[in-house]
Structure formats: structure tokens, C-alpha cells
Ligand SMILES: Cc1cc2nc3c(=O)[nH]c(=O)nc-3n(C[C@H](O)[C@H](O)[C@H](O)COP(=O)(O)O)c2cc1C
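The data below hold one chain only, encoded as C-alpha cells and taken in the form predicted alone.
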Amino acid sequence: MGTNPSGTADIADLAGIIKWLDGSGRLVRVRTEVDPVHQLAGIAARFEGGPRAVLFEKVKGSRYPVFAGLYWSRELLGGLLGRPVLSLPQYVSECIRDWQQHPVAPVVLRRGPVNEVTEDNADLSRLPVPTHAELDGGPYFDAGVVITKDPETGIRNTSIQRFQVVGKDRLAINIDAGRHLELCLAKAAARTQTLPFTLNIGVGPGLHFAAAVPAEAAPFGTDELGIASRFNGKPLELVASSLSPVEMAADAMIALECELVPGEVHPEGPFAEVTGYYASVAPRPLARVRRIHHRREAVFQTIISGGEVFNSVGLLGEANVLALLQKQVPGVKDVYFTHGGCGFYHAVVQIAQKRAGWARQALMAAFAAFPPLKMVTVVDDDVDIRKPADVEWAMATRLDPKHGILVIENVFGHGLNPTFPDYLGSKVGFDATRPFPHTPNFTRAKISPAPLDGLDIEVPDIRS
């Protein structure tokens, strides 16, 4: 395992990814021992958004290193996937569409790297689970991929949730309303059964993306793990369990075999979420950890709430909205989920107008394509949707407040957003496009680029 012949990493294997990052100068190594409580996240945050990930080689209280930052830079992610940065949403959309049309089932093995070592006496204190923000309720698994099965059909389901360590072999889990894991747990309760699942830590972006794909692109009842096969370029490899019918990712660094007992709850929270606010404390499902598997040289992966979530989840949201809008609205060229919108709540849509009314149509279609969105701004194709100042320019000079603002009240949204208590709130769309047909007074001024070759120009150094 390591790199492919093309020089890109084997993205199914985090060990190979780390090796590729190191070889390409994209890995910061922290060799001094760090405290997993606050210090680790504080150091990682210094590098957030930069072109390098971070590996903490010595973490207090554990023999395992901790890795962070795989998703906080699209430049890094584009290099890893061998794709230009601006083409990433289109690439993700193509991969999902290919999976929808030609699904490739995972293969199940008896053994894999993940179960080089098996611990029947689960003890989570041996793992370097970090506590990130100042008011977090404790250590959290926040980058693990959940694999479970529909209790009725046996079809696999995958997702990413947050898990608070509340005991030696106990985890409290937050499940957002409407998530497929909630449906599986409800089905288990109806059958008076427990719900077994595996929590897979230290996986490649293919499996991470499969777990983060919006439900609109991967409806309940489809085996989303096939999405990872498409990204990996080969069938995803799983390892069978002797405890339950639910498999674990063969290439994961660490896998926990767990079960949820319907009705068992434990206080969970607070936790610094993608919103930049703390999620509240509430009774939430309690998971029992029955067994821990790991590689001999395992690396624990964590995600710092912020840029990593904006880029990973936001990229999946962009891909889904772009794919659906291009089917429904002529002229849509690009979609960007802003970082100021937490990668979840604000989409900017670029459109080359074909006729009057299509910009407003794009607003409504975007909300339908990704329900967590709170704001959508539509701009013309002469606006750079990844530059906030350019988008603001369009809003300041092209938005007609009387006719260009669409407010939708009492609609389902994302429960982590504090403006959507109990998942209900208002959404707003901004049509910041020129009137159609275009008139000369809305033509954007341009300066023709002039080459500097052959010119005698002196550019002095700035002196302090």
C-alpha cells in the first residue's frame, strides 16, 4: 500500500495517504508530546486551511499518533485526488452519478489490515481521543464512519456522526433528525432488537464521501458504500465480523464493533459544531462498544470543526446541488458553498441567464436539492462565486430588494443551526443577477490584460 503508478496516493488507505503527504511536503510532523485535551486542537488550528495536514507523533496517555487536516484545504484535497481544485465539485458529482447508474458492490474479506490486532476487552481510554474546544463536554470521535444495516432488508447504510466518550466502553451519539441511522434505529426498536454498527476511524476520502453524501443523492435503501468503490477505483473492501452481520472497513486504522439498544440514552454534549456554536446537552442514544480492532501501527484521525467540515461536507453538497440544478435550470454553471455559511447553510449559484425568471427558479431548486441550506444567492456568470467581495458587489449593484428577495417561512432546516429550533425556521434567497434581457447599464467594466514582456519597469522593494 502507498502510491499508485500515476504518483497519486491510494486513497482507500490512510497510511498510504500520509506517506504521500509526507513525500510531497504536505505533512507537518509534531514530534513533541501534546495533550489531547485542548492543546492538540489548538496546535492543529494554527495550520487550518493551509496546504498541509498535521501528524501528532506523540500524544499524552496513548501510544497512537493523531492525524488531522485531510479536508481543510481543497488545494491539498485536489492534489491527493489528482484533480484541479475548481473541478472538484464536478468530479464528485460525476462519481456519484456513475455510482447511481453502475453501482459496484463492496467485497467482504475474512481479514484485513484493520484486524491485525483485536481487543475483546474494550477500553476507549487507550485511544488518543481528543477534546477540542474549551467548553466541549469531553473527548469525541468526530471523523469515524458508521456502517450499519437496515434491520428489515439487510441493506448497508453509512454515515458520520459525533460520539462522546462517556465510559470505558460507552459512547453517547448525536443523530440528526431525518438521518438514515435514525430510521435504522427505529426499525430495530420496532422489532425489539439492538442495532449493531461499526465505527471506522482513519479511512480514506472515498469512504468519508460515501458517508457524507446527501440523502437526496443516495436515498434510504441504497448501499452507499458503493460510492467509495467509485472514488477508490476498485471495490471497497470490508471485513466480516463474528459478533454481528455488520462489517467494518478493511483499510480502516481502527474499528469499534458497537451496538445501540433502543431506549438507552445518556447526556451528550456540549460540542463545538460546524456552526461555530456549541451543540446543547441532551439525552441521546447510548452505544456499547463490544470489541476494538486496529492496525499494529494505527493512527487516530480527528477533524477540527471548521474548514475540514466546510470542505468535505460542503463539497458533497455542492456536487449534489450542481448536478440537480443543471438538470432542472438551463444556464447553471457552478455552485459554491461558502465558508462563511459553514459549508452547509449558504450556496452561491452562478448562472448564464437564458430567459427571465430562471435565476429565481434556481433559488427554489437549490433549497430543494439540499435541505440544510438557509441562504441561496444567484449571480451572473461574470461573477466569481468563490470571492466574497465579488458576490457582495453583485448584491450591492444588481439585487433589487423589492423583487429579488425570496423568503420561505416555517420550513425544515438543519437542527444544529440555532435559527432552526426543532428543525423549523425561515430561509432566504437573493436574486443578484442582471435584469433579463441584459441592458448596457449592467455591463461590467473590463480592462484588457497587457503583457509586461519587453517593458523597462522598475519595481522597488518596500522598506520599513
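The structure displayed is predicted, hence computed values, not measured ones. All residue numbers are counted from 1 along the displayed sequence.
The form predicted together with the ligand exists for this protein as well; it is not shown, and the discussion that follows is about that form.
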property: In the model of the complex, the one of Thr131, Ser229, Ser93, Ser159 near the ligand [non-hydrogen atom within 4.5 angstroms]; result: Ser159
property: Candidate from Arg295, His180, Lys149, His346 lying within 4.5 Å of the ligand in the model of the complex - any heavy atom; result: His180
property: Partner-facing stretch of 239-247, 374-382, 307-315, 121-129, counted where any non-hydrogen atom is within 4.5 angstroms of the ligand in the model of the complex; result: 307-315
property: Residue contact check: Val203 to the ligand in the model of the complex, 4.5 Å heavy atom; result: no
property: Non-hydrogen atom contact Pro330 with the ligand in the model of the complex at 4.5 angstroms; result: no
property: is_contact(Glu224, the ligand) in the model of the complex, heavy atom dist at most 4.5 Å; result: yes
property: is_contact(Asp176, the ligand) in the model of the complex, heavy atom dist at most 4.5 Å; result: yes
property: Those residues of 189-225 which, in the model of the complex, come within 4.5 Å of the ligand by heavy atom; result: His208, Ala211, Ala212, Val213, Pro214, Ala215, Glu224
